[in-house]
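Next up is one chain by itself, shown in structure tokens, the form predicted alone.
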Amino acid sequence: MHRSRFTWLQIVVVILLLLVLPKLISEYRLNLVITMMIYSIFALSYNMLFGQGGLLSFGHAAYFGFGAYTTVILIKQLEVSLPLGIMLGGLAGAFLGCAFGVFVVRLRGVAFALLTLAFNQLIYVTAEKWRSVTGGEDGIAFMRPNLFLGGWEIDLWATLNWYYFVLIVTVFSIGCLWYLTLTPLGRLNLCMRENEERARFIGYNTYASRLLIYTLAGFFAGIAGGLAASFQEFVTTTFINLDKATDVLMMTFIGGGGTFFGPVIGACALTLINDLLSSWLERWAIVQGGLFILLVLYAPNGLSGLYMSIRERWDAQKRGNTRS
């Protein structure tokens, strides 16, 4: 009970800090925080498969990119509102996740990973070749529309207004994903990770459950893609390529897929590390790879796992000192 209250207190403190953050940092750093929030949603959607479901996917960028393209095309061609465009981008990601999930959730291990990679490359090649719709490698540029609330018009070109818009979407998405872990479906996802055969034996339809989880993961990846495209006011095939699929895997692993907020930590850490390294070094990707190797070797459970390990040792030491 004490730890639960402490966790909620931490969440409230973080939200309050995010509300006043624009007054504490520069506009450049504020844009960096916006990037962290968007990729936090992306990493959490991937963690539904990797950390909570035990499924290693190399194709999650397909839903991120499909949601981004859907959002941009709908806003530019049909002039839909920004919130509706992002929501439809999420639904597009869910549709693609359901269509691919029909085939991939039957598999496990290497076969699952390779088939997700193949589907990701299929969407990538389609986006690259279908230039009349996607613009190919040149991509699609558009102007981020303003937000209309009743009789009020909010200028989302302003960094401050856009920051609060992304913050609202991020908090709502994280809240939904957190609630999902408390539902029977979320608990079944953990159960199937540990022993799917037992879950099937006691009467659960593991195939339908996996498909629903895969579809929901595609939905939130599409939301993140729509936000990212709206933030950059541009979408191109880099939203779908293998680099993007690897990035979300690294975010989840760095933060720790074994905990809920681990991927959020990983998304923030990787975004910050990439920003710092790219400003200091020309071949910063080599250093990034070296840091990732060290993390795999010495902190296989990610930063959150490392923190929990240090905390457990500290608590054990305190209990030992108390007894003595």
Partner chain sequence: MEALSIIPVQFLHGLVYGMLLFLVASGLTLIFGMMGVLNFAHGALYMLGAYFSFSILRWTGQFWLCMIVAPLLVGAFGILMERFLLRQVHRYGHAHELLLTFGLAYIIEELVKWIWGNQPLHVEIPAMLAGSVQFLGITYPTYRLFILLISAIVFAVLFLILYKTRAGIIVTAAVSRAEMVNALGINVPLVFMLLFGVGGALAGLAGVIGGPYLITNPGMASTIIIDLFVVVVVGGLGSLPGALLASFLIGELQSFGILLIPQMAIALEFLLMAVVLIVKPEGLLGDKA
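Residue numbers count along the first chain shown, from 1. What you see is a predicted model; the values in this text were computed from it and never measured.
Just so it is clear, the following notes concern the form predicted together with its partner chain, a form of the same protein that is not shown.
- Of the residues Ile174, Ile73, Met250, Leu82, just one reaches its partner chain in the model of the complex with a heavy atom at 4.5 Å or closer; this is Met250.
- Checked against its partner chain in the model of the complex, the residues Ala111, Ile168, Ala158, Leu78 give one hit for a heavy atom within 4.5 Å, which is Ala111.
- The chain is drawn here without its partner chain; in the model of the complex, the stretch among 133-141, 219-227, 99-107, 160-168 whose residues come within 4.5 Å of it by any heavy atom is 99-107.
- At a distance threshold of 4.5 angstroms between non-hydrogen atoms, Phe119 is in contact with its partner chain in the model of the complex.
- Heavy atoms of Val125 reach within 4.5 Å of its partner chain in the model of the complex, making it an interface residue.
- Using a 4.5 angstroms threshold between heavy atoms, Asn31 stays clear of its partner chain in the model of the complex.
- For the chain shown alone, Leu297 is a contact residue for its partner chain in the model of the complex, at least one non-hydrogen atom being within 4.5 angstroms.
- Not one of Pro22, Ile25 and Phe231 is positioned with any heavy atom within 4.5 Å of its partner chain in the model of the complex.
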